[in-house]
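Next up, structure tokens for two forms of one chain, structure 1 and then structure 2.
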Structure 1
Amino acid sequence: MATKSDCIITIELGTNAVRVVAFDMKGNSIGSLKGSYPTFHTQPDYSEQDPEQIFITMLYVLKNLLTEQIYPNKNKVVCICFSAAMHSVLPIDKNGVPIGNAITWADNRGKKEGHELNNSPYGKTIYQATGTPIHPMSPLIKIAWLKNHDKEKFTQASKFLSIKSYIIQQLTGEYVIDYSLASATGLMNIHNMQWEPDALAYAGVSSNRLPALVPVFSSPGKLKKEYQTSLGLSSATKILVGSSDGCLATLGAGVWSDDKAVISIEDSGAVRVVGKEVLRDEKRRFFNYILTEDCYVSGGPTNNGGVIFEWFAKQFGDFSKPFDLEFSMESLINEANKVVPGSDGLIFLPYLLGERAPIWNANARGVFFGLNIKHEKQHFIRATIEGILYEIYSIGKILEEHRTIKNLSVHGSFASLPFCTQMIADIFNKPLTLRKNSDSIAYGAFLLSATEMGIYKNLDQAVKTVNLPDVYTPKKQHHSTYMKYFKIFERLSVRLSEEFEDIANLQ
């Protein structure tokens, strides 16, 4: 039976940092700490992280949280649940030692493999079986790249893990991956929860070179004794394998019926819906990831979220005084506020990092369009933000071909800037709720753990506890203005594809 002092700890192995949050059994956050780790770009298109640094950072943060915030209040940890960024690959040798760094979701080295597979007949069947768009982000493509270009590493690797699988193995000794994270590898069949033979054949691996597939509610085993001692935990502390950041953010944002969509925008972004069915899209523009066996999280990701506004702020923001980036972004937004919706006809395509959904064009590039002599600096600021959000809307729009979306739930550092939140409501012309406590991922992991422990009967009941204040209502007249420009935005994004390719080849 749960007692008052019991608590649940969630560990999020994120893109740039590990975040550890402690919750009491009612879901109130009672402590949190983060620790960041770097991403190394040793070559263009490469994006890697040091697995040992992630492990040590995680241990350090967890230990500090426990000794500084949990034990002094006599709280007892009953469960630790993991979430992680999707799509990472870490080859390990026969002794379990990592062979080099982990390859992260942002790594694009497999561009050629992705392109080829997409255009082959297998592209379609593998996508339909695995739910993961054929793209360099996917571990399927990354392993195939290793097979084709780094034979030595490929042969030496006894297993290909995800970063989360490695961390859990270090703590418990078991090689596992949950269905949820595995459904983002491009290697697992999302209909029968087995490794997909066609995908394995393409990647050139057999299933014994991958971790064991387990449900999100499963426990891989106990914490090794040494870690129990150093962390002050007991063997009774349950380790829950958990899910992926995207799926848990959706759960934690309270999106649980098929008439809602969740928009998350941090550096990158995504629009997601939840349902009992996968979205079958002829153009293969969506991902279909699994949260639990009867629940799919579907949607489209964008590369160009808050990172683009950050880029803009770095180039054109005010740094004359010892201002930091946040301050500079804030003052830019104040300036953008002086311009009317639609930026007097200045339109920005935000594809500085190439784009995934909905155009899936790695060669796409940024464009300012419609510039005239009356445009001033503040028009550029507003147009930049509008462009980022038009891109988000273009994902939402194609999702609406499959689902009727009545309202939105918004989270993420960029999306929750009040200026942006209102603009999202206006562009989508839908009411939206904002989850203030931005940590939807951690809260999703809490709901998963609490359900597993029997505090909630099932996830349906658990998700009802998500507190959704802050309703933003759309302003109709702004919506119709935005739509006039969005039509041009949408056409440009497609029509420029030839020019995108030419310029990308020159860069």
Structure 2
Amino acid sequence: MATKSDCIITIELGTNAVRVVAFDMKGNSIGSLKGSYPTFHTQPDYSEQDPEQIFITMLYVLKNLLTEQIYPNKNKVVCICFSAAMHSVLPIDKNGVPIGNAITWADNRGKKEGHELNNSPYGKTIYQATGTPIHPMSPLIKIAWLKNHDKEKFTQASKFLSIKSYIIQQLTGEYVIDYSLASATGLMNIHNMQWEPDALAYAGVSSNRLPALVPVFSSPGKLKKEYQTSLGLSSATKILVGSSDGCLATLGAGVWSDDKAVISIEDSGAVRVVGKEVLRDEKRRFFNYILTEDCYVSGGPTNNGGVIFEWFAKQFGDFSKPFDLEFSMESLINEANKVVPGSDGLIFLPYLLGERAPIWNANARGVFFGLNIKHEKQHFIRATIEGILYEIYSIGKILEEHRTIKNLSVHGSFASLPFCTQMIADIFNKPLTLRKNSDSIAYGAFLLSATEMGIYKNLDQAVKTVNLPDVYTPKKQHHSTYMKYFKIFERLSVRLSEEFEDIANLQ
């Protein structure tokens, strides 16, 4: 039986930061902290992170949250639930020691492998079995790249883990991966919840070189004694393997019916819907990931979300306050607000990291188009934001070939910016709802934990507690303007494919 002092902690292992949030048993946030870590781009198309740095950062942030905000209020931690960014790969040796850095979702070095598999007889079969589009983002392609180009590391690797699997193993000693995160690897059959033989054969690995598959409600075991002591946690504190960030963001945003979609924009972005069945697309443009065994989260991801606006802010922002990126971004938003929708004809293709849905072109590049002598800095700012959101809209547009979407919910860094949230409503021409706390990933992890603990009968009951008080109504005149420019954006994204490939080959 839960008590008033009990709390649940959620740990999100994000692309560039770990976010730790504590909730009371009614779902109210009672504390949160964040710690950042870098991504290394040592060569074109490479994107890596230091797993030890992530682990140490996670421990540091968790320890600080406990000592500064939880223990002083006499709260007792009864459960810790994990979420993580998808598609990471970390080779470890027979002693569990990382062999180099972890490869992140943004890594594009497997472009050749992805292209060849996608166009082979096995591409469609593997996609239909795993639900993961054939693309360099997927661990399937990353492991195949290591097999083909780094044989020493591939042979030395005892296992290939996700970042979350590594963190959980460090804490508990168990090698596990939840169905949800595994369904984004391109290696698991989403229909029978087993590692897919055809995918394993292509990657050149056996199932014993991957972690054990478990449901999202599973507990891998107790914290090791040294972490019980250093963190001041009880041996009774339950560790939940949890889910992927995308699936939990969908749950936490209250998207649980056929006519709703959630838009996530953190560093990357996605548009997602939920259903009892796999969303089948002959063009293989969508993912179908698993939250639970009867719940599929389907949609399309973009590489180029908030990370693109952050890049712009670092290059062209005002840093009169040292090291204050958020201040710089806020100043840029204020400048963008002075420009009319459509940025007076300036259009931005935001493909600085290549692109996934809907064009699935790892060679795609960023482009400013329509520039004339009257354009000023403020036009570039607004065009950058519009380009990011046009790309998000292009995913939603093709999703509507399969689903009727009447309402949107939004989650992530852009959700905290009313300027951007209103722009999303205007571009999609749909009403948009927003939680007061835009961190839907953490709240989704809380709902998962509370359901496992019996506070809710099931996730259907849990999701009904999501409160969406803030509503943004679309401005139809703005929508009409955006659509005129979006048509050009859409054509450019396809017509420049040959030029994208040529310039990638030159590098």
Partner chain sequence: MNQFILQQGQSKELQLFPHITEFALKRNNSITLNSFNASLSDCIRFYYVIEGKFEWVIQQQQYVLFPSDLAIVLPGQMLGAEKGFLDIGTLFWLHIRIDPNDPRTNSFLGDWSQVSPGEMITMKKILVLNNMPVISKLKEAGSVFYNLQNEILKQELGFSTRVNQLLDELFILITRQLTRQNNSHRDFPQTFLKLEETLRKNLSHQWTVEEMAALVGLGTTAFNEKVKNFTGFSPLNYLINIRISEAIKLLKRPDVNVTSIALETGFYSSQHFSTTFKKLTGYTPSQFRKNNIPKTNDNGHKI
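Since the model is a prediction, treat every value here as computed from it, not as a measurement. Please note that residue numbering is based on structure 1, beginning with 1 at the start of its sequence. Rigid core here is just the name for the largest C-alpha set that superposes within 1.5 Å across the two forms.
In this comparison, the chain shown as structure 1 is the form predicted together with the partner chain. With the core held fixed, the Cα of residue 242 is displaced between the two structures by less than 2 Å. For residue 285, a C-alpha deviation below 2 angstroms is recorded between the two structures after rigid-core alignment. The rigid-core alignment places the CA of residue 480 2 Å or more apart between the two structures. After superposition on the rigid core, the Cα atom of residue 385 is displaced by 3.3 Å between the two structures.
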